[in-house]
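One chain is shown next in structure tokens, namely the form predicted alone.
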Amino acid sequence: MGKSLNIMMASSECVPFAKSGGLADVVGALPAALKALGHNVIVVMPKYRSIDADKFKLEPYLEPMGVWMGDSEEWCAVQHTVAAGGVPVYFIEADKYFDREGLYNDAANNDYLDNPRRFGFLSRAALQLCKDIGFKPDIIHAHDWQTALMPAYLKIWHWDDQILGDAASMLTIHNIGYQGVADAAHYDYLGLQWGNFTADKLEDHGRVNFLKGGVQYADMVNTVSPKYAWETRTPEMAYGLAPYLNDKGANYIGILNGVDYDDWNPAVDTLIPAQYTPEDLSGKKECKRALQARFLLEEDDTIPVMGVVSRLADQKGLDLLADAIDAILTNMRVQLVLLGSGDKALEQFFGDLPQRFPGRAGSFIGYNNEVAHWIEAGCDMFLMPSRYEPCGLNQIYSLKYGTLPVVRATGGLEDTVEQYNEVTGTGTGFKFSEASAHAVYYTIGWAVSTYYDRRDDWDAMVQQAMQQRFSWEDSARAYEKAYRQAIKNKQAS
């Protein structure tokens, strides 16, 4: 197994403190899983306005802390708490950058114009914290573009530092569609030396690209599923980074996310109307009836219910579902429940659906964690028609809840869902390849026909799905192996 590692993980979000997507789930769960393997892990993140210091028992830890940027010195404070699993979490308190309404954007959904400075500062502050508290990391683990400059800072500024000089770096790409591309006017503040503002490092068509720089400087790079690692080596899926990821060779890998089965497991879920197990599915029928009642659907056990919990965005393929849903609800005996927010046109479309199809469609525009659990438990199938999906978590939750996924075969959806085989009656869901409304319509039709006409196959798939397990312990062991490779790469460089 080797010696235990000192790991500093920095992220712009982390459950339960601040969340906008799956990144927060990973940073909330992976450190505890690594600590359970015997490693020493700390997490560093911003102290946003939305984080309730009393609720999470934050305590002042360090004040003031000076952080040298390229053209100035910034001052901040640090707060501290202990998260699940006994993991210390440090919060960078800098009101100038983080005392705002949103994490990344304002109420009108516009990105904050100084995001490059906000998260360049976070990256530098996380490294400075290690120095100030004497935490000597073996690994610096950066997540997504917001902390992707940490590997660059390590190699450019801290290569001979007593605390940070021996640290190797790892960068996890959760979604390559967001790279942190910023105007070069921010470069002096970031302080990464103009000699490194080149096409093979940090420069991107005259601008600075945080994620590209992270790929260049990190000792190991990974993304969150093996299939997505393969897809992002292709020009079609890499948003311009394919050559640089291919250059990493064996040092760019896919590690599938795990799932917190303490939260997402119908046998122990306290948010759903009734708990259930593979051996006794009577509780799932109760959950279905309660869901139908809550969303004013026709209360009929025999009608299959499809669920969606998603950001309403092009990436998620919800426009494809929108183009197909009228025909689906008109031609098939099926119901739809949707929870989500995002694109305003899609919010309007799905928000109006219950009026157009009363008793057959229900929608909740926004996000509600309890409703998300009800949908996972009460539906018969779960829709994820994503154009791309680095890992995806809801399809994994759905498997555990016996709610068969209907997904596009991309990224983590391809890795985690086994295609239904009509000959053998095996599988855990229904997959399609073409990103089109036509493919969505016919794959849902295939699932609905299986529900009605091949019920023995359906019931066997539910049992097979509920036996699947994607644990954080397995993911943590894969990260541990990658960390040790990063350390070897650092020592050999």
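Not measured: the values here are computed from a predicted model. All residue numbers are counted from 1 along the displayed sequence.
Unshown form predicted in complex with a small molecule; subsequent notes refer to it.
Per the 4.5 Å heavy atom criterion, the small molecule in the model of the complex is contacted by stretch 311-319, the sole one of 132-140, 211-219, 268-276, 311-319. Note on the partner interface in the model of the complex: the residue among W159, W230, Y367, Y239 having a heavy atom within 4.5 angstroms of the small molecule is Y367. The contact residue chosen from F349, Y112, Y244, W264 relative to the small molecule in the model of the complex is W264, the criterion being a non-hydrogen atom within 4.5 angstroms. Using a 4.5 angstroms limit between non-hydrogen atoms, N394 touches the small molecule in the model of the complex. With a 4.5 Å cutoff on heavy atoms, E480 does not count as touching the small molecule in the model of the complex; it lies far away. Within this chain, L281 is remote from the site of the small molecule in the model of the complex, having no heavy atom within 4.5 Å. At least one heavy atom of S341 is located within 4.5 Å of the small molecule in the model of the complex.
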